[in-house]
Every structure is written in C-alpha cells, then in structure tokens.
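Only one chain is included here, represented as structure tokens and corresponding to the form predicted on its own.
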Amino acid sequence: MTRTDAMDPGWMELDTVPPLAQQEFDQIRQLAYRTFGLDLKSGKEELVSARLRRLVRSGGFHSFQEYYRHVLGDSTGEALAGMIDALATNHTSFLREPDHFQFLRQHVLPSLATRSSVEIWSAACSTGEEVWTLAFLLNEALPSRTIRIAATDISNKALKFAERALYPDHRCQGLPAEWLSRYFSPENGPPHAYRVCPRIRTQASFRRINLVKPYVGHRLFPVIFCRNVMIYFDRETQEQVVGQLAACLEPGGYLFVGHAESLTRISHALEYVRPAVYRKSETREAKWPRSS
C-alpha cells in the first residue's frame, strides 16, 4: 500500500479486492513477459500486487482476475499501457554513473567533432534526466553543432514527465552550478523546481518504443545509451534487445549499458571496451535477430 493509503482509516473498509492469488500473478507475469520482456520472477508477488492494486480499485474491478481480463480485452491498448506504466521502474538521476559521461566526453565526442550534426539515442530514457545530461554535455563539447537526442521509453507516464522537463529542486542538487544557471530556468517562486530551457528542450524528441519488439524506421546512431533496463530481462530477451540495438549503431558506434549489467553471458556482435561500454566493429555488421 502507499503511505497515503496507510494513513487513511477507511482504506481497509473500502478495499474489497481479494489478495493477489498465485494463478493471477502467473497470468500477469506471463503477460508482462510477452508484451514488454519484463521477467517477474517468483517472489515479486507483493510488488505486483502493490503496483496494480490501485488500478484494480480505480477501475472498479472486483479482483485481479477481472482486471487481467479487462487488459486482455481492451482493443485500444490503453489498459496494457497503464499496466506497463505501473510495473515499469523509472528510477534515474542527472549524471547517473558519471564515468560514462566522462568517457563519452574524452574518448567518443572528439571523433564526432567534424560532423555538422550529432544525434544520440537514449533508448530507455525514463523521466528524462539522462536525456538532458547528454544534451548539456554535447552542447558544451560540440558548440555550434546541431544536437539531437532521440529519447524513447516504454512508459507513457515517464515520457510525459521527461518531455515536460520540470524537476523538483532536490532532484537537481547534484548538477554543476554552471549547468543549473545556463540550462535551467527556476520556477515556482524561490526555486522549488527547475525547467530545462527551451533551446535545449527543442533538441530532444520523445517517442514510445518497446525494446523487445522490432523497431520501425530505425536509423544508425554513433552512440546509444540503454542503461539499467536489461537487468529486468532474461537472457534470451537480452540477446534480442542487444542485437536490435547493435543493428542501430553505426560501424564503430558505442553502446552504453548500466554498470549492473554485463553482456558477457549473452551472444552479441559487439566488442568489449570497458565495464558497461561496448563498441560495434568498424567493418562488422550486426544482424537483426530473427523474430520468434
């Protein structure tokens, strides 16, 4: 339950939804795996119950089973998107895993300095902190260049937050002071929140993408960030996702994954550079995995 629910003395009376049964958990975990690759292992029953209970209650359903049938029968896909939003983890921060950005600045961006425009893909952008960190870095390292950030995520809720680009002051505390003054505008009186400035916001485009499905109209990028999402996939799904990401890299392009993720146990066509950084060969073409 949420903290607000716990403080509501009438909550126990209002909530007549029975506890999540094992069969219901199995159905939901199979649906989550089929649709967006989330591997909800045994032991996640309480998490699933907590995250979906509010949707069950607000939708007027009398059980998780009734809610599950509604998601399956909704031809618009909105119910499934709502379930994904509830189950997806959207934890991130500005300058998260900072050595990635240091490596990008020192070893990758100099090779892109001769280009008139540079576009980087943030493939699991969550609430946008990674997107804007990349934008700030590229604007500093490659002045007078056209900068573009392709930002995608499976969560519509996270994408809306990212596109709004308004962050409470406590989420901006780790940013360099010069970035805060140069790239943000304070809002809500004494700065209780900061919004990314319009010039930078125009450099990012947001789109919903399910990384476990084939990408439509993909193009090649010199750099792709896809961090802290593959830890939620099983090995087979990881291979599929990495294969598709590699196919979207230019020859010689770099893939950044989370430090908690390693590609050593899966098959892929990328070269290891350093922990959590991989590179596509200058000559070797990564192939798309076959659809099952």
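Residue indices: 1-based, along the sequence shown. Just so we're clear, the structure is a prediction, and the values are computed from it rather than from any experiment.
This protein has a second form, the form predicted in complex with a small molecule, left out of what is shown; the following refers to that one.
S.K.: Does Val229 reach the small molecule in the predicted complex if we count a contact as any heavy atom within 4.5 Å?
M.R.: So Val229 counts as contacting the small molecule.
S.K.: Using a 4.5 Å heavy atom cut-off, state whether Ala124 contacts the small molecule in the predicted complex.
M.R.: Judged by the heavy-atom cut-off of 4.5 Å, Ala124 is in contact with the small molecule in the predicted complex.
S.K.: Quick one: does Leu166 come within 4.5 Å of the small molecule in the predicted complex, counting heavy atoms only?
M.R.: No.
S.K.: Give a yes or no for Ile147: in the predicted complex, does one of its heavy atoms lie within 4.5 Å of a heavy atom belonging to the small molecule?
M.R.: No - in the predicted complex, heavy atoms of Ile147 and the small molecule never come within 4.5 Å of each other.
S.K.: Counting only non-hydrogen atoms and a 4.5 Å threshold, tell me whether Gln102, Thr133 and Trp179 all contact the small molecule in the predicted complex.
M.R.: No, the whole trio is out of contact, none within 4.5 Å by any heavy atom.
S.K.: Looking at Ile154, Leu138, Val108, Val196 here, can you tell me which has any non-hydrogen atom within 4.5 angstroms of the small molecule in the predicted complex?
M.R.: Result of the distance check: Ile154.
S.K.: So which of 73 to 81, 171 to 179, 203 to 211, 216 to 224 is the stretch with heavy atoms within 4.5 Å of the small molecule in the predicted complex?
M.R.: In short, 203 to 211.
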